[in-house]
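Below, in structure tokens: the form predicted alone, a single chain.
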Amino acid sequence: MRKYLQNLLLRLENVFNAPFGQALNPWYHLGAITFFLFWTVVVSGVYLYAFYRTGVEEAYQSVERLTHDQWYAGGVMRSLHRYASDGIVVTMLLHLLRNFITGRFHSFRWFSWVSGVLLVWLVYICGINGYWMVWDRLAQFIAVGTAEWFDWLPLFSQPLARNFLGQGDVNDRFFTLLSFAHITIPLVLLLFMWIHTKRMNNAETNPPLRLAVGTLLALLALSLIKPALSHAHADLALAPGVIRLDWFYLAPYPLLYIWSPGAVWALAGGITLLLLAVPWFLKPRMRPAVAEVHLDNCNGCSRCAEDCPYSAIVMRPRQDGRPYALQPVVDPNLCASCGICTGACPYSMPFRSNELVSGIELPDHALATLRVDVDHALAGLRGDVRVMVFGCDCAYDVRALQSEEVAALSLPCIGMLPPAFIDYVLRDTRVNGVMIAGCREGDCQYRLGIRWTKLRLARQRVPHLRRRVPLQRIECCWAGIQDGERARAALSALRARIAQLPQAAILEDDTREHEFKPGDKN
């Protein structure tokens, strides 16, 4: 089922890639968009709170004055507050669903998954609490429904629903409590959002600027076209007849009367427990070996720790007596076995004549083995335009590109490739060009592999590509599992460019033409 959903998701993302491009595809930035929507809710909420008055009558009247008397500002802010809150539900649930479909929930990712499930509850509590504060007929329906739902639990000596039997049962202190909760709960939510991203190095909490501006403009347009309006004032002497539900937050409430409070608790609790169990229920049978540190080849430079996507590497005081201050220590519970740390190590140099052992590497993908595989692949190449392709196990299978003139090797993550290997395969014109392939831009399986690779090629992050390597002989292609056409087109473009170069230019150390930039596409 997950395989089928993954193919469906990839096709859907391709539809969005057409107008947005890979770098701005909202599917690749759902978590960051959720953070942006949260801050939109906070800013609009601060404005609304400046005019909000607590009290049975004052709460409703102050919201109405904001909506109608100050429609150009307060009304827009109220609608923006409402639609940004709905947007959080959409992006949050899509983010959860996408991580499930792509298998990003087990092993080292379990903490992010579990904390994300708990965030769902906090977001719903915040949203439902906000509806109470308007105190219209919809708020009345929610208040009574929530009270009856909690009354099913044996927690209270007196039924909560008794507080909403008559108009005089609700007083001004109730709204003071609601107002306090509507400030406190979002603060707790923000704390959990920070905890959710704590284990991620360089976590993306801000979407690309153009995507953020587009999202804000869309919300503003919706706020002007369809303003958020209140129902009639709450009247506990009457049962609400017709209400306009916000189905993003309030979909479970009709079930309280179609089924029973107990059945709704069973549904909510069952779904929550099932989601919490997913990382262990669907965990892979075998986990790759974690990175190992070789202190004989480590100078404690901290590059591996800085580049690790999941903060699995920490620097500790040196223990082997060598004249370096620090040494890396790998936490096996956090290591993703992606090999990005290997690509960051300055000792990952294939030119070394002695045994090739990096300061940190994966036991299952040793650099010495990689060099042997590269040499073997290069030895079999024939033709006038020979190309070496380095790919990623989580992206398009570059081995499908192999031919007499094209050799291909796949790594756990393209971020594992040390830039020195590009220099290594281009030396002595054993190949005429190198293609670097990885996951779709913005959708790296290990988050930072593409980013670090691009910066290393642009010579903006160490270890960077040496200046002697001519960049016109390198092509990057970010292609997903189904993007074979894109990969073949990138390979053809590289070969065509090389074929047009004079033979002298191929051998020339020219780095001034065709310079890479970190944001370059194919």
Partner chain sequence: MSHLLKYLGQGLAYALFAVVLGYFSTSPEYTHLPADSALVKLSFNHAAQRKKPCHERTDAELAKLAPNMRIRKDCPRERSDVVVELEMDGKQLYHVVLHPPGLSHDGAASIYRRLLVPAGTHRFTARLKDKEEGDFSFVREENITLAAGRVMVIDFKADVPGAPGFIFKN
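The shown structure was predicted, so the numbers you read here are calculated from the model rather than taken from an experiment. Numbering follows the first chain given and starts at 1.
One more form of this protein exists, namely the form predicted together with the partner chain; it is left out here, but the text below deals with it.
ask   = Hey, in the predicted complex, does D246 get a heavy atom within 4.5 angstroms of the partner chain?
value = Yes.
inquiry  = Please determine whether F141 contacts the partner chain in the predicted complex, using a 4.5 Å cut-off between heavy atoms.
reply    = Yes, F141 sits close enough to the partner chain in the predicted complex that at least one of its heavy atoms falls within 4.5 Å.
key: Interface membership of Y324, the partner chain in the predicted complex, 4.5 Å heavy atom rule   = It does not: once the partner chain is placed as it appears in the predicted complex, Y324 has no heavy atom within 4.5 Å of it.
message = Even though the partner isn't displayed, in the predicted complex is G74 close enough to the partner chain, meaning a heavy atom within 4.5 Å?
response = Output for G74 is no: heavy atoms all beyond 4.5 Å of the partner chain.
ask   = Which residue among F421, Y83, Y347, F108 has a heavy atom within 4.5 angstroms of the partner chain in the predicted complex?
value = Of F421, Y83, Y347, F108, the residue with a heavy atom within 4.5 Å of the partner chain in the predicted complex is Y83.
ask   = Tell me, which of R210, R399, H376, K283 has a heavy atom within 4.5 angstroms of the partner chain in the predicted complex?
value = Comparing distances to the partner chain in the predicted complex, the residue within 4.5 Å is R210.
key: Segment assignment from 383-391, 158-166, 193-201, 444-452: heavy atom within 4.5 Å of the partner chain in the predicted complex   = Looking at the other structure, the answer is 158-166.
query = When you measure heavy atoms, are V90, G214 and K226 every one within 4.5 angstroms of the partner chain in the predicted complex?
reply = Heavy-atom distance to the partner chain in the predicted complex: all three under 4.5 Å.
query = Are there residues in 4-18 with a heavy atom within 4.5 Å of the partner chain in the predicted complex, and which are they, in order?
reply = F16, A18, in sequence order.
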